[in-house]
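The chain that follows stands alone, in the form predicted on its own, written as structure tokens.
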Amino acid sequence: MNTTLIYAHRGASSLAPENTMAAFELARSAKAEGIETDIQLTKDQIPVLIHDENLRRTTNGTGFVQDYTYTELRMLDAGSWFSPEFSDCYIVTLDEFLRWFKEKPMFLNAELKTNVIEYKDIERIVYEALKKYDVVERTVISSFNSDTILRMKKINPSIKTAFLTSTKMINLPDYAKSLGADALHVKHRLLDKKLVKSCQKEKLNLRVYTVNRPSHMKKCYQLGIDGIFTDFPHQAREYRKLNHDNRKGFF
């Protein structure tokens, strides 16, 4: 049975502001095998790590990421919303993150946030950054936007991609394969044995988000899926060890 890899969702985002260097450092110290992060483009086409298209929730700014240059965004406080101790956190560029990530023995899941705003050339810009830091082989590009998967495969047919969905669809693995995707990333409520078997048959990696409850972690481990995305990488490792030590009757 597969060892289910643990990806820190937006870093260790239960312990530090999501998608900040503080969250990524904590993910590393938690010994997560991978990091999941989100990429948007600034007005001057700098790829930055932030989940929402709008700045309101995770910074002291307002408006949309795409309407600011990175120099302007860099001035924002991206940590105080989480806790005053993180008031020095800021929006990180993909370049800055990759300089840090390059030396870490981890995998990367880079979600391109193109399902609301289709940022022009984001696929090419992100690919060039990954290539620059020689991390293409350790990276999966995921998106809810099927066109992003298709465009990324045109840039490099061998780069790993994943179709993201929270919607139940007939023959979901078949659809992911039709895009040329190498993996399927689904919301935890879509996970069942049938989907696991279908992905195995299609030779698709199956990863599940956002797995925060112990019962959901246990289900993923017992089904032997390829990876989970969690805000709690520390706890996920503990439950994975328990599952490994006591497979039978763990429930």
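Everything numeric in this text was worked out from a predicted model, so none of it was measured. Throughout, we count residues from 1 along the sequence that is shown.
If you look for the form predicted in complex with a small molecule, you will not find it shown, but the lines that follow are about it.
Taking the shortest heavy atom distance, is Lys113 within 4.5 Å of the small molecule in the predicted complex?
-> Yes - in the predicted complex, heavy atoms of Lys113 and the small molecule come within 4.5 Å of each other.
Is Arg56 a contact residue for the small molecule in the predicted complex, using a 4.5 Å heavy atom cut-off?
-> Residue-level check for Arg56: no, no contact with the small molecule.
Looking at the partner-bound form in the predicted complex, is Asp182 within 4.5 Å of the small molecule by any heavy atom?
-> Contact with the small molecule, no.
Counting only non-hydrogen atoms and a 4.5 angstroms cut-off, does Asp38 reach the small molecule in the predicted complex?
-> Yes.
Name the single residue among Phe82, Phe101, Phe144, Tyr90 that comes within 4.5 Å of the small molecule in the predicted complex, judging by heavy atoms.
-> None of the other options qualify; the answer is Phe144.
If you check Lys218, Lys31, His51, Lys43 against the small molecule in the predicted complex, which one has a heavy atom within 4.5 Å?
-> For this set of options, the contacting one is His51.
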